[in-house]
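Taking the form predicted alone, here's one chain by itself in structure tokens.
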Amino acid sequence: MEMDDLPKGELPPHLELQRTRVVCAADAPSYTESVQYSGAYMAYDVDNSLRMEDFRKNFRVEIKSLNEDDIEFDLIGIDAALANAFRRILIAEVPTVAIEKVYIANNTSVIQDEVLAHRLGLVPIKADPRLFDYKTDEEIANEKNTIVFKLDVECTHMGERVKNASDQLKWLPAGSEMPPDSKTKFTSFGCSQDSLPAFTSEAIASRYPDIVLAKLRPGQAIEIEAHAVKGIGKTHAKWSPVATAKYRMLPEVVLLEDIEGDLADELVRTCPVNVFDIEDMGPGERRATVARPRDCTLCRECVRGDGWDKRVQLRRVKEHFIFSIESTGALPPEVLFTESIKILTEKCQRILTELL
């Protein structure tokens, strides 16, 4: 088919829409596949292959919000496979420090030993994992691969139960205080951890001080020692540094025609997240506008009614992702993403080394 009016090297509008957008109709989405091979649009003299120069020119990261625990940013000019790689690395391969071994000297509470150990393992530890080494089962615990905590509490009050929270976990920078038995030597610290420059700025402790570990009645007591080591979420979820790591394609809401009067009011009422707004056009005239497209959750309420799919079209931008990270507290969320980039880079370098 000849299209003389089409500029050389450009796709017709309907193909450009299919290449860059996912169209979300009332029943199902369309054009969900990603086309990146070089010969896909050869007839239009368009090379769609992935080139590093083009990637560097188009790729951007825009931070939208950032606080102590959460970050939301946009990854622009990236494929879904890479966005998902970052998500999986954040969940399973960025290391943190978590309690692995719990030595119980006394536990007369109603919580069983194994349940108490499990609760302790899920307590986020405020310690930079980059300062520690991995520890194998054969290695002796030392100041570079183990953090020792002690919990020694007893209820002496009469009446109500006493809550024991995570702020009662006491860091032992000199290592274990338990006497070594004939089979196990708990720690072999060459020096106190608080004497090392890396730990002098802030003491190691639970990230959140109000996590309830147990409730004790009068006469009940807990005396334990917990050893935290470095690990990754692939081994156990307690080492996962994120509560959530997710992404979604940028929503794009397009009005195919002017929606005015009562139809505009109906459209505004239909949307549960207030994507649309009313624009005053003069005496007695009003028109619907797309005010907050980023808030669209793709509920499709605006296109379900009779004829509304001819007035409103919902799209997703294929190479624009809204990425959200919620840290458990071991590391700031922006540091977590930086660490995931380093891990992905190491994976790529390892593959190149093995291929060569």
Partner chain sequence: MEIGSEVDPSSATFSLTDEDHTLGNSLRYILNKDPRVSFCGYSVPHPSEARVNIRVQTTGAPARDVLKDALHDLMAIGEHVRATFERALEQHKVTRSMNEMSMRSGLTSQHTSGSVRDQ
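Quick caveat, the model's predicted, so the values are computed rather than measured. Positions refer to the first chain, counted from 1.
What follows is about the form predicted together with its partner chain, which we do not show.
Undergrad: Looking at Thr289, Gln313, Asn48, Ser324, which has any heavy atom no more than 4.5 Å from its partner chain in the model of the complex?
TA: Of Thr289, Gln313, Asn48, Ser324, the residue with a heavy atom within 4.5 Å of its partner chain in the model of the complex is Asn48.
Undergrad: Could you check which residue among Arg269, Lys234, Arg130, Lys163 gets a heavy atom within 4.5 Å of its partner chain in the model of the complex?
TA: It is Lys234.
Undergrad: Ala26 near its partner chain in the model of the complex, any heavy atom under 4.5 Å?
TA: Residue-level check for Ala26: no, no contact with its partner chain.
Undergrad: Would you check, heavy atoms only and a 4.5 Å threshold, whether Glu10 touches its partner chain in the model of the complex?
TA: Glu10: no, not in contact with its partner chain in the model of the complex.
Undergrad: Decide whether Gln36 counts as a contact residue for its partner chain in the model of the complex under a heavy atom distance cut-off of 4.5 Å.
TA: The answer is yes: Gln36 has a heavy atom within 4.5 Å of its partner chain.
Undergrad: With the cut-off set at 4.5 Å between non-hydrogen atoms, does Phe73 touch its partner chain in the model of the complex?
TA: The answer is yes: Phe73 has a heavy atom within 4.5 Å of its partner chain.
Undergrad: To test your reading of this chain, name the stretch in 148 to 156, 122 to 130, 84 to 92, 235 to 243 whose heavy atoms come within 4.5 Å of its partner chain in the model of the complex.
TA: Selected range: 84 to 92.
Undergrad: For this chain shown on its own, do Val22, Ile278 and Met281 all sit within 4.5 Å of its partner chain in the model of the complex, going by heavy atoms?
TA: No, none of Val22, Ile278 and Met281 comes within 4.5 Å of its partner chain in the model of the complex.
Undergrad: Sequence order please: the residues of 321 to 356 with a heavy atom within 4.5 Å of its partner chain in the model of the complex.
TA: Residues within 4.5 Å: Glu334, Phe337, Thr338, Ile341, Leu344, Thr345, Lys347, Cys348, Gln349, Arg350, Ile351, Leu352, Leu355, Leu356.
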